[in-house]
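Before any questions on binding or motion, here is one chain by itself as structure tokens, the form predicted alone.
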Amino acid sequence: MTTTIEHPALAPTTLGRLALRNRYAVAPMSRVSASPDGTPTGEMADYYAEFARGGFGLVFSEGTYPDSAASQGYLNQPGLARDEHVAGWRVVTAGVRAAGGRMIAQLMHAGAIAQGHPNTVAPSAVQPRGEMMRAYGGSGPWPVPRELTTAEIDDVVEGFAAAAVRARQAGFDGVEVHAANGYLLDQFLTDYTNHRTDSYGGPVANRIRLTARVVTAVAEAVPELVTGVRLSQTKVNDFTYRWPGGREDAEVIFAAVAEAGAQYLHIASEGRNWLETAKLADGGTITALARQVTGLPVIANGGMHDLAQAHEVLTGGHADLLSLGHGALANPDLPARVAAARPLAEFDRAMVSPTVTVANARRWRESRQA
């Protein structure tokens, strides 16, 4: 006889106008598996549909570049920059929906940490910290980017809005603005990468301005879709960064994106556990603060395959949904396993080595089942 358990993550919920069968979401994870021109492949369609078949209520796309100017982060990254990309994504979203899931497109402009791009752009001409990511084909120091003009900033905003329209055409249920993890919008928010003296630089209220503009543009372009924003303190090239003003900065940031039209906030941990990245100096958590400031649903990320931690996050007022990266890769049927009280497989970095393509995780799981 199959044993079942009741975990708060299995309860149905809503995200904006989206009805979800549970509170489990697959986090955005770069897979470098699109065709060279950025079109999603059939292999990607199978990969995303597997999570929906496994019971995940919500599936986020990997970071998807919105324009053909300077937003692409690495080779074989999928795009929503051209009409040709729409047909490929339409197959992906149809597979997820047929399996009972819902899918949100994450739009990402890489900015200064784009790899393989001859002319990177950023809020200011500041060389990024660390080195390029080998997993995505990079090596050595990052180049010094070129500072965006105000006219080019307007183009960035328009690029996000146009990509959101393509996301709607591709069958997505929502659009997430990626303002986290050290990419372009986060570069504007971060004090040491933004030295501007215009209305986009200086105090945190100015540094969050571009993200707010993008959120508004997306929400207005696709009002029938759910619009959200992903934020983080940590970055792919700086795991220790925290917003300098702590709670005060967070309150300004959260209020700005909510006023701009975001319908949810997704707080990322960039490879770290939620406990490590969410704690504030006063003992509260950044995710709980986001809920308090905005009154919007909040998605927490970082180690949410841990059932005890997930339980505390949901019942302790810290967040409303959970997004899983490594836990989902190792267990594409995680919600079904939790419901049936079946053990979870441990994540193994061999799943994404030597590259992070969608085929590697599947091969790893198949080797464990052989």
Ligand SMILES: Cc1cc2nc3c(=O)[nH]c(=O)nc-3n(C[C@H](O)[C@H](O)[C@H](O)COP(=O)(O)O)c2cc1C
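These figures come from a predicted structure and were not determined experimentally. One rule holds for the numbers: they count along the sequence shown, beginning at 1.
Not pictured, yet referred to below: the form predicted in complex with the ligand.
Heavy atoms within 4.5 Å of the ligand in the predicted complex are found in exactly one of 51-59, 33-41, 336-344, 323-331, that being 323-331. Residue-level contacts in the predicted complex: of A268, A163, V175, V257, one residue has a heavy atom within 4.5 Å of the ligand, and it is A268.
Only one of Q72, Q106, T287, T93 comes within 4.5 Å of the ligand in the predicted complex through a heavy atom, and that residue is Q106. None of the heavy atoms of L314 is located within 4.5 Å of the ligand in the predicted complex. Contact annotation for A310: none of its heavy atoms lies within 4.5 Å of the ligand in the predicted complex. Though the partner is left out of this view, Y241 does not reach within 4.5 Å of the ligand in the predicted complex, counting heavy atoms only. Proximity of Y200 to the ligand in the predicted complex: non-hydrogen atoms within 4.5 Å are absent; the residue sits far from the partner. Within 4.5 angstroms of the ligand in the predicted complex, the stretch 21-40 places a non-hydrogen atom from each of A27, P28, M29, S30, taken in sequence order.
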